[in-house]
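Read the single chain below, which is given as structure tokens and is the form predicted alone.
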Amino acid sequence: MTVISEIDPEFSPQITVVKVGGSAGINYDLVCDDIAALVRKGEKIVLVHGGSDETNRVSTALGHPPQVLTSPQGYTSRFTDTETLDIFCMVYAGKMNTRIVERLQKRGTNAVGLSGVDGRLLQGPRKSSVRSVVNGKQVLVRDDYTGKVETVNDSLLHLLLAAGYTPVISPPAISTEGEAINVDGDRASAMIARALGARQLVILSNVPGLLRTFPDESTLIRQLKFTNLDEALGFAEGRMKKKVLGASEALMGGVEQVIFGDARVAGCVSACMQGQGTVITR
């Protein structure tokens, strides 16, 4: 009989979750170059991606331009009616996911594309309504197909990683009632990192990290403690607010480090894993 120790590195590889956003300016070729190089060295990577800029472009071209909701706390989200959900799925789980998997395959990485709907990979409740600020007043918005990830099918991801595959994951998620729902990719990546027991969550965007004064890149914050994240929410701009919230949720769930890094430069993932960007620790 062979007994496998819980700390045997051959059977308990360290997993890094990488989230790359979907804003303009992100260089997916450079991101995939680095991930492929890391996988060749034996790193276990789970890649989560966005697609917001391309979704906005396609939505506008199809005559259904994006609508943005702003919560009373200042968080922004995409209003997702049924038509928007179709466009969202088409871009995220279709074009973006397939093209990223294609890039990795060209670089010799045997990637597998998944949406959160596949195998109930990402699951959570659909929100019955969303509170939004319109013209200075709070309103309840209904008929919105959005939600929050509460559970992750980590056994599916472990199965793929153990077989030598690199999972590439995109929203949508699936609701507890079996509906596709739009979920925030940064917060979803935090839940994935928690579920997998990842040591690091790397969140890449089109800036070098968390900036104290956006868009001045000279104000990059290089080190941040978990206890200072509430303060960071006060000056984080736009989409960065959700990234800070995701970082907080990851750290609360046992992830040791969250690093915000720059998806516009070569070696971006490796640089983050070595402490460049904004490093947030417990």
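These numbers come from a predicted model, not from an experiment. Residue positions are given as counts along the sequence shown, with the first one as 1.
One more form of this protein exists, namely the form predicted in complex with adenosine-5'-diphosphate (ADP); it is left out here, but the text below deals with it.
- Annotated contacts: D118, S155 and L160 are all free of adenosine-5'-diphosphate (ADP) in the predicted bound form [non-hydrogen atom within 4.5 angstroms].
- Contact annotation: of the candidates A190, L122, I181, L210, the single residue with a non-hydrogen atom within 4.5 angstroms of adenosine-5'-diphosphate (ADP) in the predicted bound form is L210.
- Interface residue among T80, N97, S205, T166 relative to adenosine-5'-diphosphate (ADP) in the predicted bound form, by the heavy atom within 4.5 Å criterion: S205.
- Contact check for I26: a heavy atom falls within 4.5 Å of adenosine-5'-diphosphate (ADP) in the predicted bound form.
- In the predicted bound form, no heavy atom of L69 sits within 4.5 Å of adenosine-5'-diphosphate (ADP).
- For the chain shown alone, V58 is not a contact residue for adenosine-5'-diphosphate (ADP) in the predicted bound form, no non-hydrogen atom being within 4.5 angstroms.
- Using a 4.5 angstroms limit between non-hydrogen atoms, S52 touches adenosine-5'-diphosphate (ADP) in the predicted bound form.
- The stretch that touches adenosine-5'-diphosphate (ADP) in the predicted bound form, counting heavy atoms within 4.5 Å, is 238-246, out of 238-246, 29-37, 58-66, 251-259.
- Taking a 4.5 Å heavy atom cutoff to adenosine-5'-diphosphate (ADP) in the predicted bound form, the contacting residues in 18-40 are K19, G21, G22, S23, I26.
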